Ligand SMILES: Cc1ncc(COP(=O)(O)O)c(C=O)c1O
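The chain below stands alone and is given as structure tokens, in the form predicted alone.
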Amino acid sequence: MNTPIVDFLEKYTASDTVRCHMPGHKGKNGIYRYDITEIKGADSLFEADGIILESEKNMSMLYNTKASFYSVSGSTLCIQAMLFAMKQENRKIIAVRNAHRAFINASALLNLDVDWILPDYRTGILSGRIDLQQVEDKLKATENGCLYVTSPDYTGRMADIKSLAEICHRYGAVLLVDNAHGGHLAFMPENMHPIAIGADICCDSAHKMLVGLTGSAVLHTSSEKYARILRQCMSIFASTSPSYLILASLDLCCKYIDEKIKDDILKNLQYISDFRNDYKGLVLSEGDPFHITMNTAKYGYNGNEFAENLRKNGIECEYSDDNTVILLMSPVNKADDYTRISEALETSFETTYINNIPDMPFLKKLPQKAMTIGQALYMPCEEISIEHAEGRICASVKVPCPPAIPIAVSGEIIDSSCIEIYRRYGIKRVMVIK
């Protein structure tokens, strides 16, 4: 597959042109030479009709979408854009609660009044099963609705996107999917990418599961209608100085997907299968296999202590809490990586203290809402200890990051359940309305 952005940067770098344009470093050293601005021939991200558009069309072809748009501001920009498109259509937003903070912030900026669905939580606030009947009941009672889900979630659990899409379309609703952790799903032995199984719009973080630089993401749509407007929606929130280094990494991502990803996925699926067989019971079996989520508490190990032991033995995990350790793999991992993980695990089993650890708490019911997210964001606020927060109205959200999933959402009244969750996730202070 051709790489139009990379080819342009290579040609421009080789030309030894005197750069009488931004950026100020003038490309004098190392990777700086590939960092340019929208000079002639370099195209413009939000008016793309040249090399950027050509590369985006490559991406769209690989994912079989109506259109795919590049983001150099991560999935955050993609989420802002798809919610802006829904705002333009005056759609009522229904969202599953384990959404990323980026969704909360975008809802606040757009003054959206979100109608939440509380999932059946299994692993603290990280993961939960979506009740299809609850979704149908909500959409049936909502005129001009839209459903927002996160799948895969932070532990790798995947929602039943196909069924959710069928329900949404039955009631004229739009299905939006935060697929930040699932960019590889289109190239698995069975294509499980949201666009392939019914989603109207979704975002992929190219830096999470693919080979893009941090901050690279793609906004996909299966709809001709949204293909015409999403680039403009993105431009409302984006920087007018996009990074060509990140754009180049997306260009190279297309090449990697076209030439290597399917073979690399098959190899890693075998490595992961062998690894899971070696640690049956410890590793949660459901969901995306590249998310190796270990329930350490089940065997009496504190997840944070367990992760620290892995760290001492050369393994840095994606996430840990008292109950859980998550190892996030990708198609580019090699067999030796899994060998080293296994060796570090065995050492951690021998050196980590065993104790009875209570399950991580989660919301059993939604906190009472005092005002909308947007109203709360713009009110005067103050930071206080969680010990004094009960009964106060949450201003901006405080989250464990990763995974950046909110506990109390802006505009909600913080209750004792929220405070218990704050404590277990190590959050000591919160922002509340004065």
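We number the residues from 1 along the sequence you see. Just so it is clear, the structure is predicted and the values come from calculations on it, not from any experiment.
Missing here is the form predicted in complex with this ligand; even so, the following discussion is about that form.
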- [ ] Spot the stretch among 148-156, 295-303, 254-262, 359-367 with residues whose non-hydrogen atoms come within 4.5 Å of this ligand in the predicted bound form.
- [x] 148-156
- [ ] Verify the contact flag for residue 184: yes if a non-hydrogen atom of it lies within 4.5 Å of a non-hydrogen atom of this ligand in the predicted bound form, no if not.
- [x] no
- [ ] State yes or no: in the predicted bound form, is some non-hydrogen atom of residue 74 no more than 4.5 angstroms from a non-hydrogen atom of this ligand?
- [x] yes
Open item on the list: With the partner left out here, check for me: in the predicted bound form, does some heavy atom of residue 207 sit within 4.5 Å of this ligand?
Closed with: yes
Task: Contact flag, residue 200 vs this ligand in the predicted bound form, heavy atom cut 4.5 Å - done: no
Open item on the list: Quick check on this chain: which one of 79, 161, 135, 104 has a heavy atom within 4.5 Å of this ligand in the predicted bound form?
Closed with: 79
Task: Position in contact with this ligand when the complex is considered in the predicted bound form, options 246, 125, 95, 180, heavy atoms within 4.5 Å - done: 180
